[in-house]
Ligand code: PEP
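Below, in structure tokens: the form predicted alone, a single chain.
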Amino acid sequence: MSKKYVYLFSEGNASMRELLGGKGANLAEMTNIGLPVPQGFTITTEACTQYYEDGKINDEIMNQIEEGIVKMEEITGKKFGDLENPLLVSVRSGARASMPGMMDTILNLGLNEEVVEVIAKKTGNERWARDCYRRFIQMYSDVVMEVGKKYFEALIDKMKEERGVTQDIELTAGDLKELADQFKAEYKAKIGVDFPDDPKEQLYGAIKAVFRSWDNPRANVYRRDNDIPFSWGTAVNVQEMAFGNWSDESGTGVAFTRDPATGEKKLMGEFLINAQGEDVVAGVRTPQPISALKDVMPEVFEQFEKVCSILENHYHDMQDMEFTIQDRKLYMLQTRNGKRTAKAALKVACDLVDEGMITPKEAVLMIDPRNLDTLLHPTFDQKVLKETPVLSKALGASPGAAAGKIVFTAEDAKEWAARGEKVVLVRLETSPEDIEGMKSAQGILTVRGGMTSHAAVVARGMGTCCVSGCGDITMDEENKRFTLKGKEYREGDPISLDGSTGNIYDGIIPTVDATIGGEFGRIMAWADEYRTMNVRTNADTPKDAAKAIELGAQGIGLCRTEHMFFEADRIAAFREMICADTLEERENALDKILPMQQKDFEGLFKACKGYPVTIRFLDPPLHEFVPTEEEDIALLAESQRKTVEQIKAIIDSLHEFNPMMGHRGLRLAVTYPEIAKMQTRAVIRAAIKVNKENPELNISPEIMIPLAGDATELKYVKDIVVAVADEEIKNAGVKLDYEVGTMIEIPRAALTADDIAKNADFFCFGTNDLTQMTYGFSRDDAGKFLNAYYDRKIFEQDPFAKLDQIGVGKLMKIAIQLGKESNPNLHLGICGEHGGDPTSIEFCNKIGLDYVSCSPYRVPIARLAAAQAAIKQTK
């Protein structure tokens, strides 16, 4: 039997999300539970994958679509192109994961001049018929044929000006007929052929456009950021039209069962009378709050409230719904688990537990760990805020504070941010093609649009501050300027936005660290209960360590000691050591650094309150520490009593063709054992001192030797460390436990881990270097060519951002297996950038690591991701 590529809504259900996409699965589920859903069919995600394999819609899929059309015509009693009872449909994309960069909806498909005449006569509503047709031409031209909607908007604006009106709904049937003719002429001028009249041709054009949109640049960027594989594909939903623009007793809207910004349990949303769906989402008109529907159509509002309750109870989660009212009859067009801010996500999860709808375990699983990041971001300094007048107020569409220089295009936002500028993207309204610019901006400000506009929804998903619908702005996008409250703002001018209040401020307001609310603590407590892996932090200063401990870190997994050498008060001594001619001179220089290093480690041990602290010995090549400026070289020469030429000769001698694979890590300790000796003394003395002053902490330091690739070289360096450590402990007359381990960051170390483990108490995977050396990519230069790899679908992810589970992951598994066989007491961690990435954390849990280590502000993300990984694994 051939594969089924087309399902009627009545044939699917919510569990078929992978096949039908989120939208299709939920339309099927709503149909099953008896809600008022206009009927139709879904073309599966597998059909999309097949489309890319074949380079076209193949005959088998085409035949099934034709069968779907026939069945849909039977269900509705209407026919495509029929001059008695014509069928009009909407076409929507619907991947299994929500994709803001995907194709916009096409409404009113199936119209041509003849059909418009028929429906105008049959309904006696010519204005509605003409409005549907001009909308369809505009959408089809823009979405399917990629003729920019700005050309059509310009024609609408010109006509409104000529007619002396301000709203689209004030245009007459005759105006709209004329407009449709102008639109078709514009289409022909841009495309070179007439606008298609055949409804079947229109439908196949729209279906192909949905499939194509799965591979557009915006979708690819979003997929890369959100771990969505290209192989998933998108489904296509073809649904009978319900007309919100039928009359003044019709309308369309978007609503949430709870407030997506705060999580408060109240119906929230917006609707427009006499409008179609894209009017609300695109922000072309400013909508009314959903509560106003109670006054306009009380019976519809009552029915809608019941539907909301049914859906939330059915899905056990906050719902985001799209609906249309045609002639006082309610139709449900979509439901999905609503996108929400991190603050709202925590409140909703806790409330659902308190309401008995879900368990704490389910609450932990329902929160995207990456969104927690937004809770930890700064807010405005309240003292400065109180003294700063509010310039204007609009809708606080996505919480947070943003301050930066104004830019007017997504391209500029991307370009300015790349050179280190903080920018605020100001637009009339955003659309899916703006997604990369939105990602680069600190905040987004739009002139049009409500809480459910494109800008608001996407910004909330990204955790980016957004203020929308600022009607006070007079915009001149073409000349990159706008006027607000009598002041003209140009590109580069400073502005500040508060996405929680909707307030807009002139100039830059400083920010302060965020404070975390009670629901955060509850969710984190549940997460800590379920996770089996510990979470440590990468921190080099007591301040960073203290912040991480406050955020739930269980110690330090990586302290990079070289960062300490760059401090102004010690770089001179370190350079003195590098330029020394004899062992005695080197030791004298290192003696100057020793008390400073010891003090550093004392601060870290105290900040970590008895949790383990892993201190990595000097890792980078020495050339990184020498001066490059002529003035600094001259100063060094003077202090060393050497000539400038002699210093330059030393600097030249340190130069390496490939320093990341050169004289660094434990190789430095082999060449200059005195460096390892000094660092060991600093660690052990610090631990002894802190234990004496704070015996309850019971510090047991972990010394990590970087870059081991051979068991013999590791043993050589470890013997030096142990001899010095034992001598220090003996001289102090105390008992102190300590461990010596190594980083696994060279493929050979992973492959010979059984030998290496004989001289290591622990392994910590340095996946930044392990990835670099496994791929043979320089992580500093790979960015120059990785985009070409993404474009050609060779890679879907940056291997430095998402752990390569196939290659690098295999080396990790080998190292764990061999290491544990040789040393059953070996403990295991990861301290590369991947330690804060949720998908990488899930993999680390699966392969049996004891802990992950990440930057301080990513600790909550790692805690939640580790809990989710443990729950999924037990399932």
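Counting begins at 1, following the sequence as shown. As the structure is a prediction and not an experimental result, all values here were calculated from the model.
Unshown form predicted in complex with the named molecule; subsequent notes refer to it.
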Query - the named molecule contact in the predicted complex: R616, any heavy atom under 4.5 Å - result: yes
Report task. Evaluate T252 for contact with the named molecule in the predicted complex, applying a 4.5 angstroms cut-off between non-hydrogen atoms, and reply yes or no. Result -> no
Query raised in the report: Does G766 reach the named molecule in the predicted complex, with heavy atoms at most 4.5 Å apart?
Result: yes
Requested in this report: Give a yes or no for G819: in the predicted complex, does one of its heavy atoms lie within 4.5 Å of a heavy atom belonging to the named molecule?
Outcome: no
Report task. With the named molecule left out of view, choose which of K200, K414, R522, R779 has a non-hydrogen atom within 4.5 angstroms of it in the predicted complex. Result -> R779
Report summary line: Answer key: of R560, K208, K480, K71, within 4.5 Å of the named molecule in the predicted complex (heavy atoms) is R560
Report summary line: Answer among 579 to 587, 286 to 294, 767 to 775, 646 to 654 for heavy atoms within 4.5 Å of the named molecule in the predicted complex: the stretch 767 to 775
Query - Contacts with the named molecule in the predicted complex, stretch 823 to 838 (heavy atom within 4.5 Å) - result: C831, G832
